[in-house]
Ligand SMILES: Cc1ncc(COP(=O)(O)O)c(C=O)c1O
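First comes one chain, alone, set out as structure tokens in the form predicted on its own.
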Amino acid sequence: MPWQVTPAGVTCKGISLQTSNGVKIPATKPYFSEEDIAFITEKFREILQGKSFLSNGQYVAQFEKEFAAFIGTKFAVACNSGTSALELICRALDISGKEVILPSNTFMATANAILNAGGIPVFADCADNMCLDENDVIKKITQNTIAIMQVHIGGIVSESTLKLKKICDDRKLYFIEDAAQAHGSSLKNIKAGAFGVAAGFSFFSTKVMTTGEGGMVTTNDEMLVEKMKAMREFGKVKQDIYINYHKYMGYNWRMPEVAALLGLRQLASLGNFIKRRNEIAKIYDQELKEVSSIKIIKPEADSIHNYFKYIIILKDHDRRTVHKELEARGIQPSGYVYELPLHKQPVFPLANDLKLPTTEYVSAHHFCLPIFYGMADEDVKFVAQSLREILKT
């Protein structure tokens, strides 16, 4: 039997996917077991029956507690998106008018969080592994710098994380983690989300664990928690019998209870999700090891990589052609991280002349292959075989 249901999920190494729109292998696909679905529907029925508040109730509190315990921090604050999580951090740290150094090869949300909190994004170059280059970061530090924001791109926790943290400690700067893609990844037994003053996670539909939409901040700072929990509800704090007492500026960034239900079940399966993604990555490694015209982005030594993305560098090939040829074979490539860096985006005209050579190279040449929990071994081999054939021509 190709599908074997277990308490933590399924194994599905012998079945090939076929979707109704002709895509044989999607870029990604979330997974919920029948046990997950039964739990979620049962508890959501109870919520609809009035046994819990619809938003930011008991299951959100439980999800926060369990997620913090998993990451290894004292606290977690749930919200409605990874972008909100980063903005909550930036607002709670009061970065307004100050500079925050970040990689240019990141999603727009990283810079948006800084801008929306009144900060000034300063773009730095990355290293060959697509994570921040600490040597370029040092050059960008000024008297107006308040923080460095490390992005664990593709789920990789790089050695630069430890170096950047030390730089922040030595210079009394905040070290912030954009861990949107790094659920369960770690370096030297420290999980992403536990290195800095605070970290922001995303639970968007494509992530290794998902609530559809949603986010989480992890931190050990209780004062930040008090601020962020107020800010996610319009800056309110309870004052005697009154609840509409606004101590901070804030927004509606609450997480719905049903999202927390999804999150609780996904968190319970996260170890299995990562294990399977690593199995898939090993197949890709084996199938592509003789292809000299690509470079595989490898995780650091003494680390756990959740393989949110399986990233390769196309040394000598036109990426658009490779992308379209894979699609023609029913294979949906897994997006980019990211195809056009922020300093080259039209929304940042003052940064367009900035030279970040490594960022510009890897952004233009990298490619992400499909990878997700339910992907069959034969489909992984089919993707690799298709890529080899395309690169030969």
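Quantities reported herein were computed from a predicted structural model and do not represent experimental measurements. One-based numbering along the sequence shown.
If you look for the form predicted in complex with this ligand, you will not find it shown, but the lines that follow are about it.
Undergrad: For the chain shown here without its partner, which stretch in 130-138, 68-76, 224-232, 174-182 has non-hydrogen atoms within 4.5 angstroms of this ligand in the model of the complex?
TA: Heavy-atom contact with the partner occurs in 174-182.
Undergrad: Only one of Ile274, Val197, Leu187, Ala109 comes within 4.5 Å of this ligand in the model of the complex by heavy atoms, so just point that one out.
TA: None of the others qualify; the residue that does is Ala109.
Undergrad: Looking at Phe204, Tyr245, Tyr251, Tyr248 here, can you tell me which has any non-hydrogen atom within 4.5 angstroms of this ligand in the model of the complex?
TA: So the residue touching this ligand in the model of the complex, by this definition, is Phe204.
Undergrad: Can any non-hydrogen atom of Tyr338 be found within 4.5 angstroms of this ligand in the model of the complex?
TA: Yes - in the model of the complex, heavy atoms of Tyr338 and this ligand come within 4.5 Å of each other.
Undergrad: At 4.5 Å between heavy atoms, is Gly155 in contact with this ligand in the model of the complex?
TA: Judged by the heavy-atom cut-off of 4.5 Å, Gly155 is well away from this ligand in the model of the complex.
Undergrad: For Leu86, is any heavy atom within 4.5 Å of this ligand in the model of the complex, or not?
TA: Leu86: yes, in contact with this ligand in the model of the complex.
Undergrad: Test of understanding: in the model of the complex, would Ser81 fall inside 4.5 Å of this ligand by heavy atoms?
TA: Yes, Ser81 sits close enough to this ligand in the model of the complex that at least one of its heavy atoms falls within 4.5 Å.
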